[in-house]
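In C-alpha cells, the next block holds one chain alone, the form predicted alone.
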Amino acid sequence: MSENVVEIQDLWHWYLRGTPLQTVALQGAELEIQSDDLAAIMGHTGSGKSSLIQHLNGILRPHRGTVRVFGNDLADPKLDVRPLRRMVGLVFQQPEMQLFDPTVGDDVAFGPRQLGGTPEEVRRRVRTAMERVGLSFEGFKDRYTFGLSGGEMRRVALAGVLALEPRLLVLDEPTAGLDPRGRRQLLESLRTIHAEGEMAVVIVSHDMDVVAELARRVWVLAGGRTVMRGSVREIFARVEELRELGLGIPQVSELAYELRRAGRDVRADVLTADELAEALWTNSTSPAA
C-alpha cells in the first residue's frame, strides 16, 4: 500500500533573505509524493522547480510552510539531514559534470565508501547500480570515465546516486543535452528502476514528451506556486491553461488538439501516436463516420 513520503504545504523560500537583493523563489508551493510514485514537476524557467526539489533532502530549508520527507520535519533546525540524504537521491542537471574519478567503478563506489561499507558491500552496490542503468559491471568498471559518450556518462552519474540505495530518486532535467539514443536508454533505465518497486521516481523537466512518456502524475509550478496537479492525462488535456503558463504539450497531444479544433472526434487525453492512430481509425470505420 502506497503512502506519502513527501508532504509539502504552503512552502515559501527567499534567496538573499533580509538583504536588498532578496528574491522570492517559492510562495505557497505544494507537493505530495507517494512511495510508489512516478511523478513529474513542470514549469517554465524561474517557476521554482529546482528550488522546490532542493528542499527534499535539506539543501534548502523552508522559510515558511511545511516540508516533511519520510517523516522528517525539514523546518526543524535541529534535524540532522545526513541520514535523509541517503534516502533521497538528488541528480542535478548535467550530473556528468560532477564525475571526478578516472575509472567508472571507482566513481560509482565513492558514495558507498563514504558510508563505511566493507569492500564486498561496496562492490555489490556498485555492480547492482551499474546494471540498473544498463552498464555492464565487467564491461565498464575499468573504463576511463571521461572517454565515455554523453549518455554513458549520464548513466554513470545516475549509478553513483543509486549506489547509495535511496528510497526516493529525484532528477532535474535528466534528458537535457542527450542525443536520441542516450535519451531512450536513460528513460528505459528509469522505467526499470521504478518497475522494481523499491523507490519513487520524480523528474523535473521542460520536455513535455519526456513527461508524457514517463510520468503518471504531474505537478505544475508557476511563479513559485503549485498551480496544477493531476494525472498526466488530465494535465495535458488542459491545453489552453498550459499555454497561458507558457508551457507546451507533447507533439502527439498537440496534433490531437488541432484535429479537435478542425472538427475531428479525438479525445482530449491522447498521449501517444498509437492512441491517436487508434482514435482516428475507430472514428473512420464507425457507422456514423
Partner chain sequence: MDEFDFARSVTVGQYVPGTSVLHRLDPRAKLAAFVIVLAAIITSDSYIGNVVGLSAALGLVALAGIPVGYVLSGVRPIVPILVVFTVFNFLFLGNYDPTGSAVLWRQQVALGPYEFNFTVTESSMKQTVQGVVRIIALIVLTSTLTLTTTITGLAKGIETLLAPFRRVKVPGHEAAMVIAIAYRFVPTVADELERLMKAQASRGADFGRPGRLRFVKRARQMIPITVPLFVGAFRRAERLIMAMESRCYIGGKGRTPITLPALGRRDWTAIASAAVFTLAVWNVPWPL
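Here the rigid core means the biggest group of C-alpha atoms that line up within 1.5 Å when the two forms are laid on top of each other. Being a predicted model, the structure only gives us computed values, none of them experimental. Numbering follows the first chain given and starts at 1.
There is also a form predicted together with the partner chain; it is not shown, and the following applies to it.
Taking 4.5 angstroms as the heavy atom distance cut-off, pick the stretch from 242 to 250, 35 to 43, 226 to 234, 49 to 57 that is near the partner chain in the model of the complex.
After filtering at 4.5 Å, what remains is 49 to 57.
For a quick test of understanding: in the model of the complex, does each of P119, F140 and R191 have a heavy atom within 4.5 Å of the partner chain?
Looking in the model of the complex, the three residues P119, F140 and R191 all stay beyond 4.5 Å of the partner chain (heavy atoms).
The unique member of R61, R260, R238, R68 whose heavy atoms fall within 4.5 Å of the partner chain in the model of the complex
Filtering the options by heavy-atom distance leaves R61.
4.5 angstroms heavy atom contact with the partner chain in the model of the complex for R85
Flag for R85 set to yes.
Indicate whether the partner chain has at least one heavy atom within 4.5 Å of a heavy atom of L79 in the model of the complex.
Contact check for L79: yes, within 4.5 Å of the partner chain in the model of the complex.
So in the model of the complex, does any heavy atom of Q114 sit within 4.5 Å of the partner chain?
Yes.
Can any non-hydrogen atom of T19 be found within 4.5 angstroms of the partner chain in the model of the complex?
Output for T19 is yes: heavy atoms within 4.5 Å of the partner chain.
Taking only heavy atoms into account, state which residues of 132 to 165 are within 4.5 Å of the partner chain in the model of the complex, ordered by sequence.
The stretch 132 to 165, when checked against the partner chain in the model of the complex, contributes F146, G160, V161, L164 at the 4.5 Å heavy-atom cut-off.
Do you see a C-alpha shift of 2 Å or more at T19 between the shown form and the other one, with the core held fixed?
Yes, because once the rigid core is superposed, the C-alpha of T19 moves 2 Å or more between the shown form and the other one.
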